[in-house]
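A single chain comes next, written as structure tokens; it is the form predicted alone.
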Amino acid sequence: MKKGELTRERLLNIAETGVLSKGFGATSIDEIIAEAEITKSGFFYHFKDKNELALALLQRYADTEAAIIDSIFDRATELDDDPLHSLLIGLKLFAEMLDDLPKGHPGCMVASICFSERLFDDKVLKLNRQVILDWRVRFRTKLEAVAAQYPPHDEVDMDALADMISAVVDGGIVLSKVLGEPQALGKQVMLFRSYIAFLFAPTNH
């Protein structure tokens, strides 16, 4: 990685830590510059303003999360190609990964932007919405494959059910931080897993 790329990544790392710990509004460009030990012109060489910084942070966060989720659920499919069993295995692996984070989940960039949306332009807000929609599509595809083989025992909107994983993860992050219980997030994912198992439980004939 070239020096300029390393500097850009360092700026993103510093900004991400600040944003996830105290929000965008309380994370100033000046403090990012001070911690990175570069000049203002050095910062603005990489990011023209806070919107561009937010866009880069969000895209990197989305790419990283997508890669992690896809890796986990691809592994689950390798272990069992039955769509229900694979989804349940994937959710368990996901919960275990979250439990292994030594200090708990650092926070959600999507939520951080949502809470400070008045600070950003339409480009940032549209990307934030797209990240959520991408999660919806990713999990709806898996859920539809399950439903095709195991009809649900209750009438359920597949988009809403797919969105539930985002709600569970973001809500679990808040719970774990407020309660000081890093394991709370993994427990919430496992409860979602239990609901999926009951909802699509095979019918005995």
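Quick note: we count residues from 1 along the sequence shown, nothing fancier. The shown structure was predicted, so the numbers you read here are calculated from the model rather than taken from an experiment.
Another form exists, predicted in complex with another copy of the chain; not displayed. Remarks below refer to it.
Proximity to another copy of the chain in the predicted complex, defined as a heavy atom within 4.5 Å, holds among Ala56, Leu161, Ile29, Val146 only for Leu161. Exactly one listed residue, out of His153, Lys40, Lys48, Arg60, brings a non-hydrogen atom to within 4.5 Å of another copy of the chain in the predicted complex: His153.
With the partner left out here, another copy of the chain still marks one of 173 to 181, 32 to 40, 137 to 145, 65 to 73 in the predicted complex; by a 4.5 Å heavy atom cut-off that stretch is 173 to 181. When contacts are judged by a 4.5 Å heavy atom cut-off, Ala95 does not count as touching another copy of the chain in the predicted complex. When another copy of the chain is considered in the predicted complex, Ser86 lies well away from it, no heavy atom lying within 4.5 Å. When another copy of the chain is considered in the predicted complex, Leu79 lies well away from it, no heavy atom lying within 4.5 Å. Another copy of the chain in the predicted complex is not approached by Asn13, whose heavy atoms all lie more than 4.5 angstroms from it. In the predicted complex, Asn128, Arg129, Ile132, Leu133, Arg136 are the residues of 128 to 143 with at least one heavy atom within 4.5 Å of another copy of the chain, listed from first to last.
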